[in-house]
Structures are given as C-alpha cells and as structure tokens.
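Only one chain is given next, in structure tokens, and it is the form predicted on its own.
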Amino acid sequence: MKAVQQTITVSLTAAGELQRMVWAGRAYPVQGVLDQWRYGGRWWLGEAPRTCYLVQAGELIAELHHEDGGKIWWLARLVD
C-alpha cells in the first residue's frame, strides 16, 4: 500500500452510502466497500475517532478515513 494522506471530496447516496470520491481532479465511482472498521485515534495527540473504509473506486483500491462528526475525508492509502 502506498501512503497518500490527502484530503478528498466524497459524495454519499441519500442512504449515506459511499457513492463517489474525487481525488487529483478526477472522479472515481465507488463500486463497493471491501472492508470497514473503526479506529479510535491517537487520543494522546487529540485525534478524534474515525471510520475507515477500504473501497473499490474505479480502477483504484483506496483506504478512506472520515473523522466522527467532521466533514473532512481523506485518502489515506492506495493499493499499488
């Protein structure tokens, strides 16, 4: 896996499911969530807990993170 650590734009369906991610000016439709897990964050550094997703988005397999209660999504890693 290749570390990326960049903020991205994520669109959700009306039901709250991942629909599309936009990274580097290109839109990738999310075809499926391969895995989902919770990460408690490094509380000693003030990090908020987050939900993490491993998704198939277009030709990418990407790990996305979303902090609880926040609007910021980021692309953590890509499978290379």
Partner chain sequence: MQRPLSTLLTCQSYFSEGRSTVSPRRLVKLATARGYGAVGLADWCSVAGAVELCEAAGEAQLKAVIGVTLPVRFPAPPRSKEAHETFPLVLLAKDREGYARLCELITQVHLSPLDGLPLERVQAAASHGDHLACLTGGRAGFPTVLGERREIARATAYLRTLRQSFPFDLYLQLFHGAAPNERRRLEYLRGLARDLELPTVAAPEVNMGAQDEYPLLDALTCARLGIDVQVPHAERPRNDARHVGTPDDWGALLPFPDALLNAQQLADTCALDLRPKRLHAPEPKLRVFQTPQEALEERAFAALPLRYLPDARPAAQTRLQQELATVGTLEMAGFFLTAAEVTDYCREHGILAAGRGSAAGSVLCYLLGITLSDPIKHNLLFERFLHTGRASMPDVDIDIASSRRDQVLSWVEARWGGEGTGEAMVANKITYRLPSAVQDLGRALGLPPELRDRLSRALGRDYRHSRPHRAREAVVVFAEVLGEAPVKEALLSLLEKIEPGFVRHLAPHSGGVVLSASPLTHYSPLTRSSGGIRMLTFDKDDVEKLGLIKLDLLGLRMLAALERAREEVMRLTGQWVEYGDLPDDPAVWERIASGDTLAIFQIESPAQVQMTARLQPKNMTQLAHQIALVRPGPIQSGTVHPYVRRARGEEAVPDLPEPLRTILAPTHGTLMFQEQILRIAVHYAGYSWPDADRFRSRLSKTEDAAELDELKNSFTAGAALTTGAFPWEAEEMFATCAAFRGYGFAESHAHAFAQHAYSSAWMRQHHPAAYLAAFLTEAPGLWPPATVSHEARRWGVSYGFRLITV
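The structure displayed is predicted, hence computed values, not measured ones. Positions refer to the first chain, counted from 1.
Another form, the form predicted together with the partner chain, is not on view; read the next lines as being about it.
May I ask you to state whether residue 36 is within 4.5 Å of the partner chain in the predicted complex, using heavy atom distances? Within the cut-off, so yes.
Heavy atom to heavy atom, is residue 29 within 4.5 Å of the partner chain in the predicted complex? Flag for residue 29 set to no.
Taking only heavy atoms into account, state which residues of 47 to 61 are within 4.5 Å of the partner chain in the predicted complex, ordered by sequence. Only a single residue, 49, comes within 4.5 Å of the partner.
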